[in-house]
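Just the one chain here, the form predicted on its own, laid out as structure tokens.
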Amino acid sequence: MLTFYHSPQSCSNGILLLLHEVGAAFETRIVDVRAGDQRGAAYLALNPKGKVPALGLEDGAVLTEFGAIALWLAESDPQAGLAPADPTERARLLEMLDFIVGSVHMRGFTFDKVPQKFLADPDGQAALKAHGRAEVIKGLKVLSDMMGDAPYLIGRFSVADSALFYVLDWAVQDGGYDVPANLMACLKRIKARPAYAAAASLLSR
């Protein structure tokens, strides 16, 4: 059985969704990042990076990083169609996934949500927060243009949409973002999927 190290309302929500999409057998261990569990010795022994998500495999190995875990899950159940086999289509999927995690999340929401992690000066924090918000707004516009009139980023639900799910959820929860209509429609579709219903109890706390 897989072991999923998860912090509700974090980016690991996207992996939780994927675990249910592929029907994986797993147990969940909550890592309370607000309490600093990710910096504890026990967790660092599993994931020295000190962050979530992490996925313990049946052979005892541990996978880390959103993209790596997402693709491993997609490969674990090819019939679910969560990642295309065509090399160019797969590269486009990775392009979208990397942009969501690396830019919208890390260069956008991270600066908006926790500027104090990077600067002690209040004025600097305010400037960093504003920069982060601008990056999120720009990123959502790019993703909206990528999606166009399609129901999902590559036309059908994929691992890229699991990452889109968590950043859109953050944007809606924040209340200060004007999320493009097609992205809001996509979020509604994701929340209508059986996997979302199955994951719902562990998405927030």
Ligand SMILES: N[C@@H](CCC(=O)N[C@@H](CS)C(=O)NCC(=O)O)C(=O)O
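Everything quoted here is computed from the prediction, not taken from an experiment. Note that residue numbering begins at 1 and tracks the sequence as displayed.
The protein also exists as the form predicted in complex with the named molecule; that form is not presented, and the subsequent description refers to it.
Novice: Which of these residues, 141, 39, 29, 156, gets a heavy atom within 4.5 Å of the named molecule in the predicted complex?
Specialist: By the 4.5 Å criterion, the partner-contacting residue is 39.
Novice: Counting non-hydrogen atoms within 4.5 angstroms of the named molecule in the predicted complex, say which of 52, 147, 168, 55 makes the cut.
Specialist: Here the answer is residue option 52.
Novice: Run the contact test on 107, 128 and 177 with a 4.5 Å heavy atom cut-off to the named molecule in the predicted complex and return yes or no.
Specialist: Spot residues vs the named molecule: no contact at all.
Novice: Is there a heavy atom of residue 62 lying 4.5 Å or less from a heavy atom of the named molecule in the predicted complex?
Specialist: Close contact is absent here: in the predicted complex, residue 62 is far from the named molecule, nothing within 4.5 Å, heavy atoms only.
Novice: Could you confirm whether residue 101 comes within 4.5 Å of the named molecule in the predicted complex, counting heavy atoms only?
Specialist: Flag for residue 101 set to yes.
Novice: Does the 4.5 Å heavy atom contact test between residue 46 and the named molecule in the predicted complex come out positive?
Specialist: Close contact is absent here: in the predicted complex, residue 46 is far from the named molecule, nothing within 4.5 Å, heavy atoms only.
Novice: Evaluate residue 137 for contact with the named molecule in the predicted complex, applying a 4.5 angstroms cut-off between non-hydrogen atoms, and reply yes or no.
Specialist: Judged by the heavy-atom cut-off of 4.5 Å, residue 137 is well away from the named molecule in the predicted complex.
Novice: Listed by sequence position, which residues of 1 to 35 have a non-hydrogen atom within 4.5 angstroms of the named molecule in the predicted complex?
Specialist: Those in contact are 10, 11, 33.
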